[in-house]
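Listed next as structure tokens is one chain, alone, in the form predicted on its own.
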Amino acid sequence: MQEPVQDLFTVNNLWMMIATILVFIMHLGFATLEAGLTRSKNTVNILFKNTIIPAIGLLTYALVGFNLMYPGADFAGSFFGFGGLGLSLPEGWDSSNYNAGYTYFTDFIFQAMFAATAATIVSGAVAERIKLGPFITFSILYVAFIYPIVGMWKWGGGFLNTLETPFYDFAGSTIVHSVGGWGALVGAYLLGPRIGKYTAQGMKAIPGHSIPMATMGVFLLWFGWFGFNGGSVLSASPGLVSKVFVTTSLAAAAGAFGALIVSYIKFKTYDITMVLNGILAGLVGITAGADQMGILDSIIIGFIGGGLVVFGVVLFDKIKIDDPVGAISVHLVGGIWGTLAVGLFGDLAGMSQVISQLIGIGATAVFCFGTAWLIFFTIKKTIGIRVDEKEEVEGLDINEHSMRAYPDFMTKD
């Protein structure tokens, strides 16, 4: 018969692995959401990017990312640390005595599922006009180095975690979503808008080809978010995991209504794409403080997040930054709002916490915007980042992949 402590270790470790599976499923959600909100002639390209991104995330996180984010006390600094190449336990340790709640390899694989998300967010914002090779190059560099360095600042014991009032980001409103959002903003700006999006007569909507696919994607993401936030408890603690499930779901539901109400007031129509992105914004918003919020706090955070998505989409169209799926509004705007909300609502609310949250938001903004600009701008000036006009009009599927997603159907595209 096992000792009770061993039973608890097994339960905690098992929950962490289940949460890992749930986060992995989110990559399918991103793929179907992005494909559904873009045109059929680019579907293979969208699916290809969302297939290669998890592979990039796993490989780079195993080689360098994990030890950049969690370098260990011997190799950590305030802003940068590195524990060496590859995966290796400290001498004399084995996987099972690495942590009281889970094994070394469980820790790695759970964290690795988060790593690729930053590039996935960028994928949606640059869809339908970016060259595949340059996108893969950007993703490798951004996921391998930029994301784990920012993660180390908080989760790896860096300077954000050692502020007088420590910066707080429970599961990554800033460290995951805003990191991806800043990259998405830079990429969309440097690429320029899709042909025909902004004309002399004004902004022209370019509808996606499959609202059912986009809807399926959002529900897959909501489903996976139970692992994203619930797994970030880092144990199977019944009270805390169940609370995080509730706050996560209430914020998503409130986000749907925030987007519904604001978009109806502005456009006088029931826009399902706004509601879908409102759900995601609610989820992004609650992610920074899901374990710290009460019921009403979660609803307010989600509702405001959903409303902000609508304003974000309108704003970016006004300044002619073309984001086909609304990724910047969801992940950057929603991530900033959710991070700030930790200082305004819940158990940590207070002015000192607000200041720490603003420091984290600002540091991430400067670093990620600067590095994303450096990577994208360098690629743009060397090999180029945008397909030519003929390829864009015909579609990336036939030009980049020599195939079509729907070969047996005629489409408007």
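For every residue, the number given is its place in the sequence shown, counted from 1. Because the structure is predicted, anything quoted here is derived from the model rather than measured.
Keep in mind that the form predicted together with another copy of the chain is missing from the display, and what follows is about it.
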### Whether V186, N229 and E389 all lie within 4.5 angstroms of another copy of the chain in the predicted complex by heavy atom
no
### Query
Does A253 reach another copy of the chain in the predicted complex, with heavy atoms at most 4.5 Å apart?
yes
### Query
So in the predicted complex, does any heavy atom of Y168 sit within 4.5 Å of another copy of the chain?
no
### Query
Heavy atoms within 4.5 Å of another copy of the chain in the predicted complex: does K243 have any?
yes
#### Entry: I52, heavy atom within 4.5 angstroms of another copy of the chain in the predicted complex
yes
### Query
Only one of 187 to 195, 209 to 217, 147 to 155, 69 to 77 gets a heavy atom within 4.5 Å of another copy of the chain in the predicted complex; which is it?
209 to 217
### Listed residue that, although another copy of the chain is not shown, lies within 4.5 Å of it in the predicted complex (heavy atoms), from N161, T137, S249, N99
S249
#### Entry: Heavy atom within 4.5 Å of another copy of the chain in the predicted complex - residue from Q292, Q111, T273, T117
T273
